[in-house]
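Quick heads-up: it's one chain on its own, the form predicted on its own, in structure tokens.
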């Protein structure tokens, strides 16, 4: 009986040591991760974005009665910061870096929000509608990538639809009901970020190492920059695009 008790004590100790080692390892790994921060600028004034005529759908037209809608190919802040630029690490070979937040692609006031939704391969996201008019969402991936196109209708009050993409690709999205509605799914591998209206971005959870950061914009193209990330530190990468 005493031997059984001793064995139980030993096993409990082993489990406790293992758990402590795992927690310590996770803490060390988290402490060792760095990040990449920077700003994306637009060289010169932003191109004029054409207004959108929504008169064919009274609901959409009313939603923008006091704030006329414009196309969102270029969205630049007062300081020249360029929004909707996706930043990611080229040639990422590490583990998947899914966001802690729930990714949502919303149909709000007859526009896609956000205009560009970035995600990791295999990362789930939700497509939802906040409007009281019928929509449909129609991504058009390149069939050669292995991503499968779909076309999902969402009448008012429809529940969210959960999706994911298996391969890296920048996928245009349209609505067959409202031809002005367009956006992008930016499917990358590894840590990523999207610049805000001031052009600022932060790519989190980057282990120490040498990397090539790629910046992608739907119209202005792509740029790359090499950075070195130290343990627990922030590297810097800044980009300047010219409108095309």
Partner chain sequence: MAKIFAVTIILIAIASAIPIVMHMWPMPQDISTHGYLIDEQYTDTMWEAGLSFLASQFLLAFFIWKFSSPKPGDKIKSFPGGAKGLVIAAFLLVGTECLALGVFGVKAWASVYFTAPSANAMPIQVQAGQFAFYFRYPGPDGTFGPLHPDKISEANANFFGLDTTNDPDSKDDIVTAEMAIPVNREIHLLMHSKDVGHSFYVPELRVQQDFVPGLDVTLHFTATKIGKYEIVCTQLCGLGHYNMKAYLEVMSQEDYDAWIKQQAALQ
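Quantities reported herein were computed from a predicted structural model and do not represent experimental measurements. Numbering follows the first chain given and starts at 1.
What follows is about the form predicted in complex with the partner chain, which we do not show.
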So, residue 113 and the partner chain: in the predicted bound form, are they within 4.5 Å at any heavy atom pair? no
With the cut-off set at 4.5 Å between non-hydrogen atoms, does residue 179 touch the partner chain in the predicted bound form? yes
Within a 4.5 Å heavy atom cut-off, is residue 58 in contact with the partner chain in the predicted bound form? yes
Heavy atom to heavy atom, is residue 53 within 4.5 Å of the partner chain in the predicted bound form? yes
Would you mind picking out the stretch of 150 to 158, 75 to 83, 105 to 113, 119 to 127 that comes within 4.5 angstroms of the partner chain in the predicted bound form, counting non-hydrogen atoms? 150 to 158
Heavy atom of each of 71, 136 and 174 within 4.5 Å of the partner chain in the predicted bound form: yes
